[in-house]
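Next comes just one chain, in structure tokens: the form predicted alone.
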């Protein structure tokens, strides 16, 4: 059974959140979570598995970079996209460095480009999750082998 990919949209403007959510629900098979509150979205990340987060830069509770940084702390393997109408290189660089940003997207967005960014972000998150799972399996096998080695050495003393 394959799990449905999830996209979280966070923008304090109800119309933007609704537009993004409607577009994604109509044009993709993704489960879409929409929030107009960055704090509510952070709370949801405690229980929701999310592949891609698309967040606005300018929000009243906290800016998008602060939100995405907190989201990274909670869900480090999730791809993070900053959506902004205030594009400037300083904020783009800050977002990339502070929040581990996957992509910086300007408003107004192009729907085809947005769909591509989200699809690639989901693929990126999936690859990171697979890598994390394989590393954990290797670490477990290493610990098991270390235990076997220790028992063998004890048996021959």
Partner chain sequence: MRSDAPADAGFDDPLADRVNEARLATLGLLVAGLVHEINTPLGAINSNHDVLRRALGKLQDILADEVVEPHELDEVRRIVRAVDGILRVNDLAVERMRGLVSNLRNFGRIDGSGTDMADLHEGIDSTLAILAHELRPISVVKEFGELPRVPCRPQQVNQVFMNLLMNARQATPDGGSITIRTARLGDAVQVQISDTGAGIPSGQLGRIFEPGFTTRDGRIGMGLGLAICRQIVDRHGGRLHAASEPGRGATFTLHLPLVQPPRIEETVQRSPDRTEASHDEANSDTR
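All values reported here derive from a predicted model rather than from experimental measurement. Positions refer to the first chain, counted from 1.
Form predicted together with its partner chain: not shown, discussed below.
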Candidate spot 130, 133 and 141, all three touching its partner chain in the model of the complex (heavy atom, 4.5 Å)
no
Just to be sure I understand the contacts: of 37, 28, 49, 126, which is the one whose heavy atoms reach within 4.5 angstroms of its partner chain in the model of the complex?
28
In the model of the complex, is there a heavy atom of its partner chain that lies within 4.5 Å of any heavy atom of residue 109, even though the partner is absent here?
yes
Although its partner chain is absent from this view, report whether residue 15 comes within 4.5 Å of it in the model of the complex, heavy atoms only.
yes
Does residue 119 make contact with its partner chain in the model of the complex, using a 4.5 Å heavy atom cut-off?
no
Though only this chain appears here, would residue 115 touch its partner chain in the model of the complex if you measure heavy atom gaps against 4.5 Å?
yes
Residues within 4.5 Å of its partner chain in the model of the complex, restricted to 58-79 and counted by heavy atom
58, 60
